[in-house]
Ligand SMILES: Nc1nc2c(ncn2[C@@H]2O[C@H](COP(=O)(O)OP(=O)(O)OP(=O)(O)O)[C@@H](O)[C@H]2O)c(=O)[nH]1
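Listed next as structure tokens is one chain, alone, in the form predicted alone.
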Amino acid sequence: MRFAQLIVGPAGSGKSTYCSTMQQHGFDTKRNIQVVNLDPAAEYFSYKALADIRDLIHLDDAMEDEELHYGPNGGLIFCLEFLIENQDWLKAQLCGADDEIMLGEPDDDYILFDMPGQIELFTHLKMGKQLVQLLESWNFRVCVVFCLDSQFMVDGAKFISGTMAALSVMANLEQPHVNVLTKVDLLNADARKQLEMYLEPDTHSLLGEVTIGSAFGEKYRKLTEAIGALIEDFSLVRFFPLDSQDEESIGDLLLQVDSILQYGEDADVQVRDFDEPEDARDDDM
């Protein structure tokens, strides 16, 4: 069995930083965590990539082609569709080019897939789900990690917005799902206290912020209450904070994802036989 995290989220939400942080944490703890870049528009990332979609196709290829002339958003969609159509390239990077090599692949590979920041690729378009299905066919167990900038969570309305985006990704991809609030290390003390409201949210108090004091909030009060009840009654969304400067925070989050993926549960238990203490043997005599 192989293991994969699919790192998704809005542009600028810290996906590449998350990948770099987890790869470095793996190195520090003597654990092999690989990263694959699947963002054809990426300009820079600090992690060491196992594979890079830009070796197959770059966003500029789609935008500058004389026949295509895509804009940035259309170009990203085209690049992901091109990746799915040319899945043999990705399979060769991850598993080997043919089935014989794939049969001999090492177990317990742990790979993070750094995805583009175009959120509609995962909320309602089909490419994200197709990628998940490909990975599952290659013996990967997949968990989706949805990143959201913690500095975005400053009021109830934005919390509801972020929550609905997370729910949309969860419903579309139909995979185990973890929501992460990134960039916690950039918050000041007051902002960190405010953030605690959204880690274990009281939906009714947050709805008060949304519905009171604005004509829009009053007009759509029932709709907002229904959304809040859905979130609270079914416990659909929970956010985990990530402080990239705190090893304990990184380790706790990785442990959470590992538990969802059941990583390491198939490992053999190491049993060691200990010699009987000499004092115990003397007493028996």
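Please read these numbers as outputs of a predicted model, since none were measured by experiment. Start at 1 with the first residue shown and count on from there.
We do not show the form predicted together with the named molecule, though everything after this point is about it.
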Q | Ligand-site call, the named molecule overlaid in the model of the complex, backbone or C-beta contacts under 2.4 Å, 3+ atoms | A | open
Q: Determine which one of 133 to 141, 81 to 89, 161 to 169, 181 to 189 lies within 4.5 Å of the named molecule in the model of the complex, judging by heavy atom distances; exactly one does.
A: 181 to 189
Q: Using a 4.5 Å heavy atom cut-off, state whether residue 249 contacts the named molecule in the model of the complex.
A: no
Q) Quick one: does residue 117 come within 4.5 Å of the named molecule in the model of the complex, counting heavy atoms only? A) yes
Q: Give a yes/no on whether residue 224 approaches the named molecule to within 4.5 Å in the model of the complex, heavy atoms considered.
A: no
Q.
Taking the named molecule as it sits in the model of the complex, is residue 264 near enough to touch it, meaning that at least one heavy atom pair lies within 4.5 angstroms?
A. no
Q) Looking at the named molecule in the model of the complex, which residues in 10 to 26 have at least one heavy atom within 4.5 Å of it? A) 10, 11, 12, 13, 14, 15, 16, 17
